[in-house]
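Below sits a lone chain in structure tokens, taken as the form predicted on its own.
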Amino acid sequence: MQVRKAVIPAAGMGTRFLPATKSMPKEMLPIVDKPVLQFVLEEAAESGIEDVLIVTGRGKQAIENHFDYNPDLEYFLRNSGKAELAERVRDIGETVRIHYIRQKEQLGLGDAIRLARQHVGQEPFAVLLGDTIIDPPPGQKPGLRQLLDLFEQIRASIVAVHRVPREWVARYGIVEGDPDPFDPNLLRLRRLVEKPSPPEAPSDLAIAGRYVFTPEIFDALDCTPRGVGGEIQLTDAMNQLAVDEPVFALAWQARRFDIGNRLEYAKCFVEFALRRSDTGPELRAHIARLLAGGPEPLL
């Protein structure tokens, strides 16, 4: 029951980031100097995942190029005295085995995961949304590792959730469940609702972009008709799975950056830049000047 494989859906159109995503997948938007999807792959590797299937779509060739070798670039860097940077470039795709499959029609997250059936087989597997960065507090395990540790105890499908402002519930899948008597952060799910209006939302616990599934999710997906937006909704399949077997939600120790949202992307970029020694001090001083209404110093 050890989870060795993961699926990363990365086939969405990224329309909220047009015109940037006309030629660049939203998963490749940079956080300072590292694409969002590289953060996701690193989380998977740090959590013990050995094998990743990335579900792509039309116009997503930049994803494969990024995680492939680039001998010309490596040669140029080494000849320019930048051997350390050449090694960093080469190591990008070395942490896990990466495979690709294309979602030929935009039929939603449930359909994207269904495409992984042959690759996953009869094993449990993880799902990490390719446009979501999970940022645990200092000293905490990677977000996915927290789910995997719990899966090894309960042997059941689990989804990560976090609390969101009530006015945000229409952006996410929202869960309703019964708290575990021994762990208030663990709920046995009764139902999930995809993007409900605030009055209709059963809670303020939103799905946080990380899942661990038993292979029975594929049977549930096969029985799931098209739902909201004409797409095969993963939440609908999870509702069916919860009828057939226990499904849990973990309110975990981690923060989610939803890169599909422009404001969250901006917050993530600034926050990560502030943490770095090469960008943080000057950026912090620049923001302080802006907030104080002072003039920008001449270069």
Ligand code: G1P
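The model shown is predicted, which means the values in this text are computed figures rather than measured ones. Residue positions are given as counts along the sequence shown, with the first one as 1.
Omitted from view is the form predicted together with this ligand, to which the following refers.
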query	finding
4.5 Å heavy atom contact with this ligand in the predicted complex for all of L129, T132 and T235	yes
is_contact(K60, this ligand) in the predicted complex, heavy atom dist at most 4.5 Å	no
Proximity of F125 to this ligand in the predicted complex, heavy atoms at 4.5 Å	no
Residue contact check: G173 to this ligand in the predicted complex, 4.5 Å heavy atom	yes
is_contact(E194, this ligand) in the predicted complex, heavy atom dist at most 4.5 Å	yes
In the predicted complex, the residue from L221, L109, A201, V212 that sits within 4.5 Å of this ligand by heavy atoms	L109
Single option in L77, I207, L150, L186 placed near this ligand in the predicted complex, where near means a heavy atom within 4.5 Å	I207
Interface stretch in the predicted complex with this ligand - options 84-92, 111-119, 138-146, 165-173, non-hydrogen atom within 4.5 Å	165-173
